[in-house]
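Before any questions on binding or motion, here is one chain by itself as structure tokens, the form predicted alone.
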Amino acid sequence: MAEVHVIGQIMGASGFSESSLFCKWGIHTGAAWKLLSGVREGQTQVDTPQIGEMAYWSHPIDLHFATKGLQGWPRLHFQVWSQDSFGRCQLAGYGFCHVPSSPGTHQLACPTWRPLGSWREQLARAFVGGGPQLLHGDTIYSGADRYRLHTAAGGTVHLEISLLLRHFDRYGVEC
């Protein structure tokens, strides 16, 4: 079986109106992919930028996959949350990006968005916090339902990912 090593880190996030940010992340693959080592999901620590707007997490990602085909290539998905001074958390944005398919080191910038909701929900978010969230997490990376949502742009999640491909030439894939 062909193998893919994904090694890198979630550097941080920028462009969010909120501060004290943290990120929940996960990876989604097709049925032909098997995780040999690493964890499929995780969460960063909270960072409150003191200088500038970039929240730094430097959260490691180390995944090793085996696959029988290219269908269902890995996608990273993110939920960025903000935490207020009372410890309450509210959604700042959802986002996803495909893992690059070429070996080497890649700098990725993943744009995020959040559901808007009704005007009452927007007003409540401004004064009380909270706000609308997705019922199903797979809506983040599946296009059919996502395009019907009314959304607002969030910030950007920054990643540095290195990719190692092994035995793809045995299956007729040129790297």
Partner chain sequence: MTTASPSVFLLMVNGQVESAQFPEYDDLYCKYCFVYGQDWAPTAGLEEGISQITSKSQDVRQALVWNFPIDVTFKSTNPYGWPQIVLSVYGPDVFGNDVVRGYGAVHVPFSPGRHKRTIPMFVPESTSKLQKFTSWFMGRRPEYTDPKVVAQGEGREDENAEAEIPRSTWVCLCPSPAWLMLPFCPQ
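Residue numbers count along the first chain shown, from 1. Since this is a predicted model, take the numbers as computed values, not measurements.
The same protein also exists as the form predicted in complex with the partner chain; that form is not shown, yet it is the one meant from here on.
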inquiry  = Give me the residue from G30, G69, P60, P111 that has a heavy atom within 4.5 Å of the partner chain in the model of the complex.
reply    = P60
inquiry  = Is it the case that A153, even though its partner is missing from this view, gets within 4.5 Å of the partner chain in the model of the complex, heavy atoms only?
reply    = no
ask   = L149 near the partner chain in the model of the complex, any heavy atom under 4.5 Å?
value = no
query = Does the partner chain get within 4.5 angstroms of any non-hydrogen atom of V39 in the model of the complex?
reply = yes
request  = Using the partner position in the model of the complex, report whether L159 sits within 4.5 Å of the partner chain, counting heavy atoms only.
outcome  = no
key: in the model of the complex: members of 4-43 within 4.5 Å of the partner chain, any heavy atom   = H5, I7, G8, Q9, S37, G38, V39, Q43
